Each structure stands twice: as C-alpha cells, then as structure tokens.
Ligand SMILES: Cc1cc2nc3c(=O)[nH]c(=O)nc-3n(C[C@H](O)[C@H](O)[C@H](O)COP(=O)(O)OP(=O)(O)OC[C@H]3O[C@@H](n4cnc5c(N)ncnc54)[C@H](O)[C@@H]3O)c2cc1C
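This document opens with one chain alone, in structure tokens, the form predicted alone.
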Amino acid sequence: MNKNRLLHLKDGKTNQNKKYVVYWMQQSQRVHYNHALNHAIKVANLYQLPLVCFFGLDDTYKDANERSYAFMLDGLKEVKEILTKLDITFVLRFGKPQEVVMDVLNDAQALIMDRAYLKIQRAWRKDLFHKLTDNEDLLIDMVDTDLIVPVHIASDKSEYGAYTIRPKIKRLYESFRDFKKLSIIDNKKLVDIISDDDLSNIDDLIQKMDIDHSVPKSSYYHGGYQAASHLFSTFIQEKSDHYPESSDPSTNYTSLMSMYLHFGQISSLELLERLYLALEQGQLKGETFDQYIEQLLIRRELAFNYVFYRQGYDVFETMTENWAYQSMNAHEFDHKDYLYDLETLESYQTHDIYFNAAMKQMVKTGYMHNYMRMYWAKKIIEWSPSFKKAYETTLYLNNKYFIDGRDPNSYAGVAWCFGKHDRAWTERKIFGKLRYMNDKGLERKFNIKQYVQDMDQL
C-alpha cells in the first residue's frame, strides 16, 4: 500500500490485556481491494490479536429508505460470509455508528477506519476521535481506500474543473495501483461479541427497521460485490465495444457501477486494474479504455474533491460558482411557460414524454441513464418557480430514488446543472448562462423514442 493512503491519527501503548483489533467498516463495504481491511489485518498480526470488523447501522440516516438499505444490506450479508471464512469476526450494531462502535473499543488495542468524504460521515469519525483521545492504549489509523488517488493527495484545494485536476491525477495515479492481495490473519480466533442481527434474512430485517418504506427496494438491481463483479465482467465482454455510443439512453452499454461504488461494494482501483488487464488481453478497445478512465479516474475523483473541500456542497447558496449565481439572479423572474409542483414531477405527469420516461425509470428502478439525468435536472430548472426551489427539488428526488443518491457524484452532478465544473454559455431566457438542454437535442442525437418505449414497459 502506498504510504500516502494512511493517516496515522494516534499512537497507542501496547497493553497485554487487550483482546483484539477493530476495523470500523463504514465507507468501504467490501473485502476485495480494501486497503483499510488489509491494513487492519497487518496491525492485528503485529499485535498477534484477532480482528473484529464492525459496522454501525443507522436507521435515521438522512434521506435513506428501504431501497438504499436493502441494497446496502445485500452487500453486508456477503461481506459477513466472506469474513467468517477468513476467520475475521463481523459485528453489526444498530445506532449511530460513532456511538455504538464505542461498545467494542474497551478491549481493543487498535482502531482502523476507512476514510469518509461527506460531511455527516466525516463528523462521525471526528466525534469518535475526540472521545478516544484519552485512551492511551488505543492506536488509531485511517485509510483512504475508496479512491484511486487519495483525496488529500490529489489536491489540497477545491478544483475548478476536470481540466485542473486531470494533470494532477494522471501524474499520481500509477503510484496508487498498490493492492496485490489480502493478507491472512494469523490469530484466527473468532471473538465472542454479539451482533444485533445475523443478516440471515434481509427482507425480514428491513421490515423491522423504523425507516421510510415508501420507496421499495429495487427489483432490478441486487447489492453486493458478486453482483457488481458479474456486471463489470459482462460490460467488458459484451458491451465495451459499444461504450463510445453509451451516451444514447436507448442503448444499454453502461457498466452500472455507480451504485456499487457508492456503497463501497466494489473498488474503483479494482475496476481500473480489470480495465488494464482487458486492454492488455485485447478484450477492450483503446477508445473505450480512455473514455471509461476519464469517468472513473478523473470525473469521479473530481466529485470527491468537490464534496471534500467545499463545505456547502449540498446548500443552494454555496454549491456553485459566482458567475452562475450572478446569471441566475439576473433571470430569477423570467416568464416560464410551465410550472410543476413536486407531486406532478414525481408521478411523471408533465407535458414532456422524455422527462416522464426518465422520472419513471428513476422511481421504478433506482437508476437513470446518465445523459437523461442531465436532461431531467435541466427540465426541473425550467419548470420551477426559482433556481433555489429547482435545486432543492432535484436533490430531494435524487437522494430519495437513486440507489447511488447521497453520493459525491450525485452532489457534483446536480451542482453541474447549476454551473459547477462547467463554463458560461450563450445567455438565454430562463437559464441565463447555464447550459441549456432541450427535447430537440435528444431527438437529433439519439433514438429517444426507443428509450420512451422501453420505459413504458416498466
């Protein structure tokens, strides 16, 4: 592992009475290509102690619902099964993660955490760290394992756009192709700590949880590493030749990795290595490789840079650039031919068949083609009484229905529709200098009627 992934937060004194090492798994919900887990195994081996993998399940997490919890728990069930085979104890507790993890730290010699990027998750780790500063025995490390280039290494500031972060990432990323294989735990003793649920019946657990059940789990997408790995293999073998055409919503040439990356169920580094292998073996065209790397390595890590360095990434007044606010202020009171309330949008009952098809895909499946996400958000801007209302509506629907909602890519993607990571365009009615998208563009570029027909079948 490249040493720059590791943030050593606190020394600890060796105490022979301590019983285990804890890996607090929260961001990176996987076994494969997990640097934090691998580091935790090495620390446990250093102390000759067994390893406990802890997960805190917070059923009050903002904007989470049955759909997102079901997808996440599918993956955690798989994680538990694999870890048990590797002689690592998996413990799940209900409650605020930074609070319930305290229950297992009294007997811990070390705590390893995976890095977080969003405000609420970073606050969890900060809160826990402050509670543990007086624990002289406990060593604390944090590992950035959900990005190829760690967010703090790629840049020390909020980048203006892809063109400013691209040269930095490209200069660094080869040195972070740094995962070979998972270490083996030496002390194979399973620790006797009770979990609040054994994850044997996810459907039953979901029904017991006090969560929003109005958005049911997706019947189209199943969570976990195995599902992600299978989808990516299918992408390389059957879809990758057509990836340069994947902007067309009527095609099915995308890899569908965003939802799995969101929950840390598959590693972006693993995807990178599999792309390199496919390229070397002649399974992947160079054009596809370059275009996919641009999304996986540049655009995704730009989004993480955005949420990490911009405190107000989820607030209308602070999420975009000054030129965009000036333009929006100048056009705040432009006449709009259509104004739709949330209920009409959510029930896909507008006059625009393309918007309705995209909204239906989102509500029914938990996914929407990426190009349609941009069009969908632009229409909400066009049909809302104010830019602020449009932003809040877009973010609300995004976080409610998308399996990959509440993600750095989501926050950056919504902000992009309001000028972030974009440039000023020719000024026009309603949009001002924000980029404009319309139905004629869809009809000119794509087989959009086919997309509508496909969504009608949902």
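Quick note: we count residues from 1 along the sequence shown, nothing fancier. None of the values given here were measured: they were computed from a predicted structure.
Not pictured, yet referred to below: the form predicted in complex with the named molecule.
Peer 1: Just to confirm, with a 4.5 Å cut-off on non-hydrogen atoms, which of M257, L92, I169, M72 contacts the named molecule in the model of the complex?
Peer 2: Exactly one listed residue reaches within 4.5 Å, namely M257.
Peer 1: To verify the annotation, which of these, A390, L49, V31, C417, has a non-hydrogen atom within 4.5 Å of the named molecule in the model of the complex?
Peer 2: Of the listed residues, the single hit is C417.
Peer 1: Given that the named molecule is not shown alongside this chain, does D58 nevertheless sit within 4.5 Å of it in the model of the complex, heavy atom to heavy atom?
Peer 2: D58: no contact with the named molecule in the model of the complex.
Peer 1: Does the named molecule come within 4.5 Å of any heavy atom of K336 in the model of the complex?
Peer 2: Taking the distances in the model of the complex, the answer for K336 is no, it never comes within 4.5 Å of the named molecule.
Peer 1: Just checking whether L76 would be counted as a contact of the named molecule in the model of the complex - the rule being heavy atoms within 4.5 angstroms.
Peer 2: So L76 does not count as contacting the named molecule.
Peer 1: Any of the heavy atoms of L261 lying within 4.5 Å of the named molecule in the model of the complex?
Peer 2: Because a heavy atom of L261 falls inside 4.5 Å of the named molecule in the model of the complex, the answer is yes.
Peer 1: Have a look at 347-355, 324-332, 180-188, 288-296 and name the one stretch with heavy atoms inside 4.5 Å of the named molecule in the model of the complex.
Peer 2: In the other structure, the partner sits against 288-296.
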